[in-house]
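This document opens with one chain alone, in structure tokens, the form predicted on its own.
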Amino acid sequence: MYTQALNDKDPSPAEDTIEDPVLAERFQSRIDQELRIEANDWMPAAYRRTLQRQIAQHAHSEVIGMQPEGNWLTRAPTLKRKAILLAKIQDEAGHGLYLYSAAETLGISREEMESQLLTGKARYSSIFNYPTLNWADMGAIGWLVDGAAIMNQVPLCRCSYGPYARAMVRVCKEESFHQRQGYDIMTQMAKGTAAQKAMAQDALNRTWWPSIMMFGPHDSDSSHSEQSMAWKIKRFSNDDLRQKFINATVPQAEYLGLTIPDPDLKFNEETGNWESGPIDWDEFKQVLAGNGPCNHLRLSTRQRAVAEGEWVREAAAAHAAKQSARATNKEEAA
């Protein structure tokens, strides 16, 4: 669902292993020729680590992102809305599964990735550390958050690493549905009663700035973005993607009769772009540091879910072992 600053910070800044320059040159040549890198191909250690971190963070975001939406599952206004929201949450779980599986092809285990998340070593998208206060937030998440995700993720379908790129094709198709259902909610509320429109505007006010922060820091402050683009993991810079998102979203808000909460927003006739006001990067850093409104809640909820599901995993493992033993005994008896 959500990628954010995926190549901007390396949590394990160990020095790269010295590698054969001939292999490194051949690797970059394949990248430059738009040839996919597969799991069994040689790749630089830094390329492998970057992808492990990026894909794991993406998967964590999908899983944690189920929580703010799950908060409204029992309170959806109609049975139809409940069914749609439930389908969306199930999609997010599936996205996490695809992505964890893609990351495992790079030599990192599911258990290690989960441990990194549960101990706070690994990050997930900062957008999920904000609360969902009313039903309109389900619309804002679909419209803005999933809209920003699509802007980030469609280029990943052309990522140089094959397993990741192929996983993203289905993810992006489903995210498109998520974005449309969110915009539909906002449309209905914006055209409803004055109170409903006010709820939609409130959700937009609270979600706008965190959603444009999802693209990560400005290019000048992104330490790994240039290398990731050279490797064709990323295809566009943070600022380019953010600008595309703003240009696409402002007319949508105008159609809804809602106001983007940016007094400095203006249209530049020369560039054809909507220019945003300054972004509060201090807030972004605080949320990433664990000081957002819901950081503790999101992580503790996930930790509790893992602990409460331990008996299921143990039972499944015991059953598998028993089945394997029975099969072995039959073979020996034969």
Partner chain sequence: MSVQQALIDYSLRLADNANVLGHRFCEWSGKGPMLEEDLALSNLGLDLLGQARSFYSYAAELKGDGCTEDDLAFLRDANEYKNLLLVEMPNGDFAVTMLRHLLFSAYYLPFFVALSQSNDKTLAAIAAKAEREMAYHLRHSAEWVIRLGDGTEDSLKRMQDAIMVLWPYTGEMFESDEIDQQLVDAGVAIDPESLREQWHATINEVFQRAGLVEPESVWMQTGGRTGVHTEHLGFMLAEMQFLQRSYPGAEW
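Think of the rigid core as the biggest set of C-alphas that the two forms share within 1.5 Å after superposition. Residue numbers count along the first chain shown, from 1. Since the model is a prediction, treat every value here as computed from it, not as a measurement.
Another form exists, predicted together with its partner chain; not displayed. Remarks below refer to it.
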Heavy atom distance at most 4.5 Å to its partner chain in the model of the complex, all of Ala76, Ala93 and Val312 = yes
Spell out, yes or no, whether the shortest heavy atom distance between Arg81 and its partner chain in the model of the complex is within 4.5 Å.
-> yes
Taking the shortest heavy atom distance, is Gln179 within 4.5 Å of its partner chain in the model of the complex?
-> no
Thr193: heavy atom within 4.5 Å of its partner chain in the model of the complex?
-> yes
Closest heavy atom of Gln188 to its partner chain in the model of the complex, within 4.5 Å or not?
-> yes
Among 32-40, 279-287, 292-300, 60-68, mark the stretch whose residues have heavy atoms within 4.5 Å of its partner chain in the model of the complex.
-> 60-68
Just give me the single entry in Trp72, Phe245, Tyr183, Trp209 that has a non-hydrogen atom within 4.5 angstroms of its partner chain in the model of the complex.
-> Trp72
Contacting member of Val169, Ala198, Ala230, Leu86, with respect to its partner chain in the model of the complex [4.5 Å, heavy atom] = Leu86
Residues from 23-52 in contact with its partner chain (non-hydrogen atom within 4.5 Å) in the model of the complex = none
For Ala325, decide whether the Cα shift between the shown form and the other one is 2 Å or greater, given a superposition on the rigid core.
-> yes
